[in-house]
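Form predicted on its own, single chain, as structure tokens, below.
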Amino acid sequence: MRRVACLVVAALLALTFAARAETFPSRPITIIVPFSAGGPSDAMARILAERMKLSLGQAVLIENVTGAGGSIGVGRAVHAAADGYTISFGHLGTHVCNGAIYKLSYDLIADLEPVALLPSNPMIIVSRNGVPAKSLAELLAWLKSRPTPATAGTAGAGSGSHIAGLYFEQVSGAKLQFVPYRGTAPALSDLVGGQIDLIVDQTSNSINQVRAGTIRAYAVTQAARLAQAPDIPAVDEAGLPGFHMTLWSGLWVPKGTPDEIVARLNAATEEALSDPAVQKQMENLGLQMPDKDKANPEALGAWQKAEIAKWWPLIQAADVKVE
């Protein structure tokens, strides 16, 4: 009798979850972007949200929740209801590196369900126009000859720009004075204004200012040049071989979100990324589309764990402190 009762309960739960998935979504969905409006994460999320609403049949809203290298915004999503209506947008900094820097109120693996891997971009080494160096080799010489470290903007401790800066120090032997901001958008604004010396930035954040001539680009952090910016050399040819770093992004939902809803969100994301108009917008930002075989939730989860294994030792060796 007890076995029959358990089977009935299981069947009812299955029907409940199926019904929930069939009616999902029945109201607007919110994507929490853990950085300021106008930055590269915000730009990508808004392009996605605009297209995803067509697949989902509901508005997809963007909420910018800044602070603590993005950990506050991620925490807001982690502690939301596990019903698919709150999505965490993040990247290498927020969903990998922050775990080695901050005393988080959540576990980046145990408390989040992966949804989809998003476009990525290599970093790009850029400076204010007043820096005398015209090439990466000249920049390295200038950095090493200074009596005090040059100032490098970041989106906060543990952000992609901060980790890229630490990696740059490790590979080049140069020293930097990191200046934290609440996102790379305000950091870039100060770079254009000459308030800081350089940023190892996301290509999608800096490329338009590079094209406008308001800042100077030295190299992209991969082996080959970007198709969208063929005039900017890759680090291997510019004098810093092996300085490869890609800032990937992704979507997550709170742990416990029904598998059917995760699948629905994944399908809407894939459909958006397959849209030629969306691809063109992403490419214009210097973003690279993920491989099809890496688009599923399981692939994002595996990649996140691999990146934790790669980057946490570097962060711990640098003794990164919360600024």
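For clarity, every value in this text was computed on a predicted model and none was experimentally measured. Position 1 is the first residue in the sequence shown; the rest follow in order.
Only in words, not in the display: the form predicted together with a small molecule, which the text now covers.
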Using heavy atoms and a 4.5 Å cut-off, decide whether Arg76, Leu108 and Pro254 all contact the small molecule in the predicted complex. no
Proximity of Val220 to the small molecule in the predicted complex, heavy atoms at 4.5 Å: no
So, Thr184 and the small molecule: in the predicted complex, are they within 4.5 Å at any heavy atom pair? yes
My question is simply whether Ala155 lines the interface with the small molecule in the predicted complex - judged by any non-hydrogen atom within 4.5 Å. yes
Contact test in the predicted complex: Ser159 vs the small molecule, heavy atoms, 4.5 Å: yes
Selected contact from Pro297, Gly39, Pro290, Gly286, since only one has a non-hydrogen atom within 4.5 angstroms of the small molecule in the predicted complex: Gly39
Stretch from 274 to 282, 260 to 268, 53 to 61, 40 to 48 whose residues place a heavy atom within 4.5 Å of the small molecule in the predicted complex: 40 to 48
